[in-house]
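Before any questions on binding or motion, here is one chain by itself as structure tokens, the form predicted alone.
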């Protein structure tokens, strides 16, 4: 299904219809907070909120970008060395993909026009950036009449774009989940490969997102700071990546030699990596309450050890813990703003979500956005 305004907007802006439309889902980080770039495993889910990219070639040798509901067309030329900034900075994501196609030895159009639409809230930790990257990659490859590579390669292209051309040192979670998503299944990623597999989500469970409306702006520096801290902790511990280590008494002894902030970061990552495997095992055994306990433990670790939560995120988790039908809840994504994920059974209703909204508003002067989600299929051409 296309976004209802996509083709209409494309024709109005560029005077002709788009020849290609691609769509990619956002994602929920189910568990595995900041384990991906530390060489561990992570569990995600593609969700039924999407970014659409409509595109057509042009003969100008320039790249033009517009968004449904936006006012301006942003134009860029390969001769321009400076990176777009300010209100135009968002085009670094599709431009990064355009550059990355060449880095991977793939054909790309010389000039093209794009319209982007989304029903995925930006800045909420649901990875609108990865969805934009994957949808752009599919659209540009189709314009260049290039055979679409496998999902693993698509995810790597999109991650390369974000790492090298946007400047966010993310792991493969976001792009891998958006590429490999499948309805009714979680995506398990061993980030060392990376290797991807699917884990069924038991029937009768639902995912909800409670968006604090605090902007989740990773490129502003906190994500990069945590990334550097993790690499430094690994170096001091004598391993390549933190997820080479296992929880236990021997780890406690080694961590004691680290500076306090690095000790907290390392403990979170190593124990969170262990939680991913425990969540998968509990899902496979049908031990849903154990899954919930592990999700709450994940949030507590993010709050106390990795320090990437916020008072608003903590409030939501605290409120959700008291509601009927809530199995578990935790921040989702990089943190420092964004959203909380809740895993619920069928007894949790919109009326229950509204109770959480109102209680949150009394503390933070605004209601969170609430989105009920289904687990969806991954990126595709339409």
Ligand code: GLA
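Residue numbers count along the first chain shown, from 1. On a predicted model such as this, the values are computed, not experimentally measured, just so you know.
Beyond what is shown, the protein has a form predicted in complex with this ligand; the following relates to that form.
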Contact test in the model of the complex: residue 173 vs this ligand, heavy atoms, 4.5 Å: yes
Could you tell me if residue 223 has a non-hydrogen atom within 4.5 Å of this ligand in the model of the complex? yes
Can you tell me whether residue 334 touches this ligand? I mean in the model of the complex, with a 4.5 angstroms heavy atom cut-off. yes
Taking the shortest heavy atom distance, is residue 33 within 4.5 Å of this ligand in the model of the complex? yes
Please determine, with the chain shown alone, which of 23-31, 319-327, 346-354, 60-68 has non-hydrogen atoms within 4.5 Å of this ligand in the model of the complex. 23-31
